[in-house]
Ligand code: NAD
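Read the single chain below, which is given as structure tokens and is the form predicted alone.
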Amino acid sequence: MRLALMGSGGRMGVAVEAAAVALGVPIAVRIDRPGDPATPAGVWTGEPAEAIEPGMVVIEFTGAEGARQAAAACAARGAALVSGATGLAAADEAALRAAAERVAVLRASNFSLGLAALRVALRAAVARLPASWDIEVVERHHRQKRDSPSGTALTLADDLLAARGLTRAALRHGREGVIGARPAGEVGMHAVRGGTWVGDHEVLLAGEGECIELRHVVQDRAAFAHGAIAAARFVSTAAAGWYTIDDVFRGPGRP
């Protein structure tokens, strides 16, 4: 497996590099934005397609523009893609979907094993609880995070909405003022920004006289990075198509 790492100088790029070294996985090429004086020598800063070779696996934790560039380059060059960028618009997601028609594309908002387990637990819990129980999602991230709510929080919300037969129109982003009683069929969404939180996601399920709190906390980006390497191994032998992190973590006998 030959890796190409896009956004190599970013927080997740550095974490993926460290995970690759720890796991003995060589990185064939490092790609970053042109014009950044902090970019180390030897890092490619031109068009990604010029550095990506057929058969490579590209890992990208960048942004909307980087995700689109990675998708186009991988489709053109015959390289698989692991995409972890968040805050993407519908057009950006469509570009990734288009690339999946030609190469293997694995898209995830969170690559940690613990979060994958939390999603399974949440689906099981909601399936057994009355529809009258209220749901609130609270996420905490560092002060530098640009998108809100986080991609992981939206993934959790989508799981919960699907379990209740609701759409994103049911999401309530924060509350302020005299808003009256909480309506039925609402899923609260709250984003906290500050300090150096790597990733903290909590789902509150509240009934009459009791509640359940399910929480996943990432203490180090290594949790995401090791998952990204596992995802890269998966797509390196996968046929063209669209994959999620569940495909990586799902083993025999697992839901």
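Fair warning: this is a prediction, and the values are worked out from it, not measured in the lab. When you see a residue number, it is the position in the sequence shown, counting from 1.
The same protein also exists as the form predicted in complex with nicotinamide-adenine-dinucleotide (NAD); that form is not shown, yet it is the one meant from here on.
With the partner removed from view, the residue among Ala79, Val137, Leu160, Ala108 that has a non-hydrogen atom within 4.5 Å of nicotinamide-adenine-dinucleotide (NAD) in the predicted bound form turns out to be Ala108. The chain is drawn here without nicotinamide-adenine-dinucleotide (NAD); in the predicted bound form, the stretch among 206-214, 25-33, 51-59, 183-191 whose residues come within 4.5 Å of it by any heavy atom is 25-33. Met12 belongs to the set of residues with a heavy atom inside 4.5 Å of nicotinamide-adenine-dinucleotide (NAD) in the predicted bound form. None of the heavy atoms of Arg164 is located within 4.5 Å of nicotinamide-adenine-dinucleotide (NAD) in the predicted bound form. Using a 4.5 angstroms limit between non-hydrogen atoms, Lys145 touches nicotinamide-adenine-dinucleotide (NAD) in the predicted bound form. Although the partner is absent here, Met6 sits close enough that one of its heavy atoms falls within 4.5 Å of nicotinamide-adenine-dinucleotide (NAD) in the predicted bound form.
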